[in-house]
Each structure stands twice: as structure tokens, then as C-alpha cells.
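The chain that follows stands alone, in the form predicted alone, written as C-alpha cells.
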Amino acid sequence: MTGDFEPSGIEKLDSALGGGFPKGGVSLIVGPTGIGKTLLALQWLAEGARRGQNVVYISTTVPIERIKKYYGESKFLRDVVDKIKWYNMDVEPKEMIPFTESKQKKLFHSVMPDIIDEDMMPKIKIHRGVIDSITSFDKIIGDKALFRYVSSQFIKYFNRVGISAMLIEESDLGQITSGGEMRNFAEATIVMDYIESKNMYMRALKIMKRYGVNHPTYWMPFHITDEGFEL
């Protein structure tokens, strides 16, 4: 596994993942709103930026300006916030349905014309990329089978150009049972939820899947601080 992973910089999580998230593969983070999915994704990108990698964050929901304002001064991010490439992706139904390869190319090029050409080829090497969240596509498409097909095409693209991708998927509170709609396509899946302990609820995460790693399967409570995740 040496060199075959992209660490998050969160020591306990990286150890449980066998070194980090899969390099050149797709990871999935699933959980309810406000649990900490975006923070984990940003901490992963920040670690990549500190390693001199080109990293990209795409938001399909909250405007980038709000995200940078909310997280930008946090200790885990402030030193590399300007090294992350930030993009808004405002998707309309006509841009997705009916889905074609030409629409896929147009979508990514229109969002990131400075780093993706009209044939969807990166103008620079992109090491890590986050889409927050893919649930926006699910809501627009409105058909689970078609959503999985569209998402699988995106994943094939990430694999083809060698991007280590992290996809964020929204779930209802307390309703994580199967690991998300994209669980079959991801090489690593982490679910987040609130668990009850000593008559109180706390944030926790669980590794549902990490190919090639004998990982723990229990819930790991975590806290969110100015320095990011504390497991």
C-alpha cells in the first residue's frame, strides 16, 4: 500500500484507512447536513495543498464565498486557503438531461475553463478533487438508475485522468443504512452520523469500505475544533 494513498493529515483516520484515502480512486463521504462532511473534505484538500499538490473544491450547493468565509480562518485551512482552486457548479436540468458525453464535457469546461479544456482534459495535473455534493445531481435527475449511470461516467473520467476524487452525499438524519447511493462505485466509503452515548448524542464516523485494507468497522466519535477533526 506504500504510496497508494492520499492522507488526510488526521492521524487516527489515516491509520484506520491504511494510510489514507485511495490515490487515483474515488472516496465517498455520506452523512446528514451539518455533521462535518465539508470540513473533512477541506481538511483532506488542505493536506494535499501542503504537499504541493493541485487541489480542487467544487460546490454545487453553498456559494464558494460563504464556504471560504466560514472555514477560511480556521487553523487547519488558513495557511493554504489560497492554494485551493475553488469553483461553484450551478447545475440546471437542461445541462444534465438527456445525459450525453458532450454535455459532460460542456459542464466541466464551463465550470473550470482555466484548468479543463473543451475535451475535458486537464490543462494542469489535478491531484485531488472534491464535489460537494453529488446529491444535487440526484435531485435534478430524479431517477436513481440514471443518477448512478451519470455518476459512474464522472467516476470513469476521474479514473482516466488520475484524479483522487472525494464525493460528498447527503443523507437524512439517522437514516444511514447502506452507505449511500454511490457506495458500489467508491473504493472508500465513510459514513457520519450522531450516535447516542451516556444519554447524549455525539458526532461519529465509521469506515464502511476501504478496498485492500482490513479496517475497523466500529463508530469513532470525533470533535470539530479550529484545527479540524479530533478523533
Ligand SMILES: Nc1ncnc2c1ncn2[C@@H]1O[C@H](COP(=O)(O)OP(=O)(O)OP(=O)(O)O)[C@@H](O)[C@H]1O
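The shown structure was predicted, so the numbers you read here are calculated from the model rather than taken from an experiment. Start at 1 with the first residue shown and count on from there.
The same protein also has a form predicted in complex with the ligand, omitted here; what follows describes it.
Engineer: I'd like to check something about D4: if you look in the predicted bound form, is any of its heavy atoms closer than or equal to 4.5 Å to a heavy atom of the ligand?
Structural biologist: So D4 does not count as contacting the ligand.
Engineer: In the predicted bound form, is there a heavy atom of the ligand that lies within 4.5 Å of any heavy atom of I224, even though the partner is absent here?
Structural biologist: Taking the distances in the predicted bound form, the answer for I224 is yes, it comes within 4.5 Å of the ligand.
Engineer: In the predicted bound form, does E187 come within 4.5 Å of the ligand, counting heavy atoms only?
Structural biologist: Heavy-atom contact with the ligand at 4.5 Å: absent for E187.
Engineer: Look up in the predicted bound form whether E170 has a non-hydrogen atom within 4.5 angstroms of the ligand, and give yes or no.
Structural biologist: Within the cut-off, so yes.
Engineer: Name the residue from Y87, F108, F137, Y71 that puts a heavy atom within 4.5 Å of the ligand in the predicted bound form.
Structural biologist: If I apply the 4.5 Å criterion carefully, the residue I get is Y71.
Engineer: Can you pick the one in I58, A49, A204, L39 that has a heavy atom within 4.5 Å of the ligand in the predicted bound form?
Structural biologist: By the 4.5 Å criterion, the partner-contacting residue is L39.
Engineer: Heavy atom within 4.5 Å of the ligand in the predicted bound form: which residues of 8 to 35 meet that condition, in order?
Structural biologist: If the 4.5 Å heavy-atom criterion is applied to the ligand in the predicted bound form, 8 to 35 yields P32, T33, G34, I35.
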